[in-house]
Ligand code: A3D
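Okay, so here's just one chain, in structure tokens, the form predicted on its own.
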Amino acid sequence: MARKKIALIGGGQIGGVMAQLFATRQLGDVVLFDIVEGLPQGKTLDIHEASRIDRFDMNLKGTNDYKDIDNADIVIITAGIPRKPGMSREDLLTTNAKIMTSVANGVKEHAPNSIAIIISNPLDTMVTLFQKVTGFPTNRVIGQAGVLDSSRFSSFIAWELGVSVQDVNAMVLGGHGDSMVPLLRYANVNGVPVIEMLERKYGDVAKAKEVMDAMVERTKKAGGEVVGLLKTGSAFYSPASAATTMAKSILLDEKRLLPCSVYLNGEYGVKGYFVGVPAVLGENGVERVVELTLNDEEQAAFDNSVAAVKNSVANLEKLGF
């Protein structure tokens, strides 16, 4: 059976980590593309030279030529400038829109049958732009956001409760920005509601709510927290792991239910926009969207997040993209 071909567009921090993850997990052969001469070649050579140590036989190739992504099964796009301290994801809009347009044209020409996962920010808007430029069916264009945001939320919950993060189930919906919607009501530790565990820990309903609200706010600002600490870039380990998890579900047809930025056609009351919701990912990309029952407060927060996505897309159109 032929190995899958995985094309990574952008040889920066996220691209390099993903190349290593795909190789060591033996998910397929990797092509790492970047416009900077020597950068992708050097990173893939470095990873290749660890193959005996990490015991993998995947092929890795670094390139500056889009022709090398020909017939890729999956394309993952990280290309774009990262945030700096004090910047929002929206501050990247103009520059990254130009980069994404160029990338989308390259993918359209050389990997027209691929499934694309987008990581570049502002996320939901870049997904929208990629789909518009390529004309790919919407089930083959997916944004990586909710997997990462949900993992961050889960990590904070695990630390607070002193439990294994493997047993925490938490989900974040909406756009990948400060208006994202961590769902408190659905958060649980192997079925036990997080809010109940907090109430038992503190013996006080108000204190439990205060702690939960603080974790929600930290989740919303988690990317900015990392940017502020790094000072010279943005998160790369966790986004790389999140995108690899999504790709694995597609490559192996695992049909995992993962929160991703996907095209909505009436679900959640939204039509014609890419927004973060739970979706089943399999060999055909987005195989179905799963609608959660939201209460009035959750729906209002989700609607507010969708409004932010719509505003960003409108700004993109005003810029002529």
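Don't overthink the numbering: it's just position in the shown sequence, from 1. From a predicted model like this one, the values you see are computed outputs, not experimental measurements.
Note that the form predicted together with the ligand isn't included here; everything after this is about it.
Student: I'd like to know whether Ile142 contacts the ligand in the predicted complex, with contact meaning heavy atoms within 4.5 angstroms.
Tutor: Ile142 lies outside the contact set for the ligand.
Student: I'd like to know if Met246 sits close to the ligand in the predicted complex, meaning any non-hydrogen atom pair within 4.5 angstroms.
Tutor: No, no contact at 4.5 Å.
Student: Is Asp34 close enough to touch the ligand in the predicted complex, meaning at least one heavy atom pair within 4.5 Å?
Tutor: Answer yes; at least one heavy atom of Asp34 falls within 4.5 Å of the ligand in the predicted complex.
Student: Using the partner position in the predicted complex, report whether Met215 sits within 4.5 Å of the ligand, counting heavy atoms only.
Tutor: Met215 lies outside the contact set for the ligand.
Student: At 4.5 Å between heavy atoms, only one of the stretches 133-141, 163-171, 120-128, 68-76 reaches the ligand in the predicted complex; which one is it?
Tutor: In the other structure, the partner sits against 120-128.
Student: Please identify the residue among Ile99, Leu93, Ala208, Ala222 with any heavy atom within 4.5 Å of the ligand in the predicted complex.
Tutor: Only one option qualifies, and that one is Ile99.
Student: For the ligand, considered in the predicted complex: do all three of Leu60, Ala116 and Leu251 come within 4.5 Å of it, counting heavy atoms only?
Tutor: No, the candidate spot makes no contact with the ligand.
Student: Within 163-193, which residues come within 4.5 Å of the ligand in the predicted complex, counting heavy atoms only?
Tutor: Only a single residue, His176, comes within 4.5 Å of the partner.
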